[in-house]
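Before any questions on how it binds or moves, here is one chain, the form predicted alone, in structure tokens.
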Amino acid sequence: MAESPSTSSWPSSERAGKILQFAPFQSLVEDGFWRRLSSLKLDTLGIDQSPIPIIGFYAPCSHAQVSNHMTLLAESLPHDPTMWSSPSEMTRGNRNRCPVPGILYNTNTLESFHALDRESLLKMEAKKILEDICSGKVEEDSALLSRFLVISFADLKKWSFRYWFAFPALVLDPPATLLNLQPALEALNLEEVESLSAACNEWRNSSSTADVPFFLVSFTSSSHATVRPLKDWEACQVDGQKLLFGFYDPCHLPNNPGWPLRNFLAFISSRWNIEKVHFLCYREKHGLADLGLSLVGEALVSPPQAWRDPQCIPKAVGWELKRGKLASRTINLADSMDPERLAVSAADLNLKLMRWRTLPSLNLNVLSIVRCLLLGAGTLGCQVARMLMAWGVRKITLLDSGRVAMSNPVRQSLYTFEDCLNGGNLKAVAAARSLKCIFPAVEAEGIKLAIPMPGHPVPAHESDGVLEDCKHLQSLIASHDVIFLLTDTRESRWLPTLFCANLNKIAITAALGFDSYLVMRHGAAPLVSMSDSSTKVEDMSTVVAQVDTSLTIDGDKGQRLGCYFCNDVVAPIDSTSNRTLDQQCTVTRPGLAPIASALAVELLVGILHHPNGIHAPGEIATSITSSSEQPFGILPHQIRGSMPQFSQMTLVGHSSNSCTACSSTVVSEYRRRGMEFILQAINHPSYLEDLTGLTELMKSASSFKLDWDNETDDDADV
């Protein structure tokens, strides 16, 4: 192998050679990288184990006692792996962060992690380095010489991560021989030291070269130093010039160069056919060149002949050691994470795992921002709140006027014995507090409010307070996206149903009998030109102007689905007075409430994911032939269940023109008269029957005369 003219100007070394030993690269992974990997795994990758391009960062040693590491940061990972087609497109570095391309193999199981063929992976990356050397890519992007790989397994339930770095280094055979190594201050004369220091500082201060880790240093006969990129090799071939091959050395040791020199020597000897190489281990102090810490060395290098074969798979070393042994490393972030953030991650885990295989269309963002108002914080309200949190709903308001009684905690899951003491805590407030104890990230609020009801007349001196309650309820419904009607009595559901129909809100009712239940979603509003859901009742002049042109049923979407009151032929009345204790209390089989509550929340999830939303038609069990069109299954209108038969059926009920709660007649009258209308409906329930035509309907029905055949025949008993 011929010696380059550029290297002949260096004085010959008189020391006997020894095998050149390199200080291994050390890895450092910041917590942000693992958090970013967790998000990428859950939200994007799923069960995909394809290699992921990553970027590591390192810089020259900047302390006489501490080496720098190859560091992985949150930005080392792509936001979308498909967007990065080559390392050069990934990121740009700076003087403190030189980017180096890497590859990450993240496995789905710990068994897969242990089963990885580490030797093959290392050789694969080493072959890429050799190909980049032979093709000349290294001269354009020298960071390719330090490419690395990481294998990992992320246990996202425990926030534990097992990983192993490899820094592939081509094996020189025979090994490189070290002829000389000393501090740059001793290897160079004073003029060369001053010029080299200035040239390196200029190189490091330039935004275009600060993150380029391999370079050339040429000295003229007058000791003037110039730092050049590797692609300027030909320009440095001038007689009388001395040439150093420089690299950013992360190592601090005085007698050993850092790991990046291994592949640099392989590149120099193979690409430029140089046998005796003079190199500069560049190190810094306080951001400036430190030629007392930097090293200048001389080595004999001979690349293996096999490297000339394009199909050659070179020998390589480079798996990182752990306490002197070949072993992976483990980090557990659970203890270092903020408990609330850890709770959020754990709570979302099951939902994100659903998207890996079963429900890729699951929209967690919609669920996390939907605002739910629960009217009633009893057995149903507690269960519905828990189910909503399980589905990722984070904004929950509970409304109730009662206090926690001694009989409640065993049936109502958000209360404890302490909530019953001293007269009992307010149910809504105690329930919201309990939700926050269960999951601190939930935005839960409890509001004490009694819902005014038809059939419960209001004394004149209380009318102002009742009307304020009505306005408050209307405002709450307007500020939420979904309303759950979970109260005990039929009449308590009337006013919320009217408000939801007026504002076109999603309304879901759950009602319990002793051994039966009903869960249903209310249909869309009866008026086509619905005012915005944020419209307040006080904006009556604007709304009234729309009523005359808004009374058409939403015909282009089919017949409207009915509400809870559409099948009734009488107005809601007082159902609590003159009742025995068992009739006053919600006496029901304990298993009904969890079933009905779960179905109510499942209905909501189906509505939110249906392309037609609140306008989705009602479906029964046989109405969908292809489940692929609706990944959540059918979206029923009503679900009625019976515990004695352990049976359940889905029904569809269309809206009634005589409905006392959601018909266009009632909604338009409310819009016209406002709170005056509500007060009249509360004090005189028969008013609703008169308004909607139910009174006339009942009169007509009672006027029919039926002729009964009183004759008997011989087959009467058959």
Partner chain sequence: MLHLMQMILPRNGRRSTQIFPSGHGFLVREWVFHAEGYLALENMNQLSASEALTDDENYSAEEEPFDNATLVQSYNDDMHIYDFHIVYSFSYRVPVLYFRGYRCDGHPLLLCDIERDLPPYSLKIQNESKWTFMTQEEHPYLRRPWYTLHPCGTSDWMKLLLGGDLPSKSPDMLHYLSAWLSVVGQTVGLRIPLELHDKSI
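Nothing here was measured: the structure is a model prediction, and the numbers come from that model. Numbering follows the first chain given and starts at 1.
Beyond what is shown, the protein has a form predicted together with the partner chain; the following relates to that form.
- Only one listed stretch (684-692, 63-71, 665-673, 45-53) carries heavy atoms within 4.5 Å of the partner chain in the predicted complex, and that stretch is 63-71.
- For the options His224, Arg640, Arg95, Lys127, the residue carrying a heavy atom within 4.5 angstroms of the partner chain in the predicted complex is Arg95.
- Arg118 is the sole member of Arg589, Arg118, Lys137, Arg394 with a non-hydrogen atom within 4.5 Å of the partner chain in the predicted complex.
- Although the partner is absent here, Glu234 lies well away from the partner chain in the predicted complex, with no heavy atom inside 4.5 Å.
- Interface membership of Arg35, defined by any non-hydrogen atom within 4.5 Å of the partner chain in the predicted complex, is confirmed.
- The partner chain in the predicted complex is not approached by Pro459, whose heavy atoms all lie more than 4.5 angstroms from it.
- The closest non-hydrogen atom of Cys312 lies beyond 4.5 Å of the partner chain in the predicted complex.
- The partner is not shown here, but in the predicted complex the stretch 17-51 reaches within 4.5 angstroms of the partner chain through a heavy atom at Ile19, Leu20, Gln21, Phe22, Ala23, Pro24, Gln26, Ser27, Leu28, Val29, Glu30, Asp31, Gly32, Arg35.
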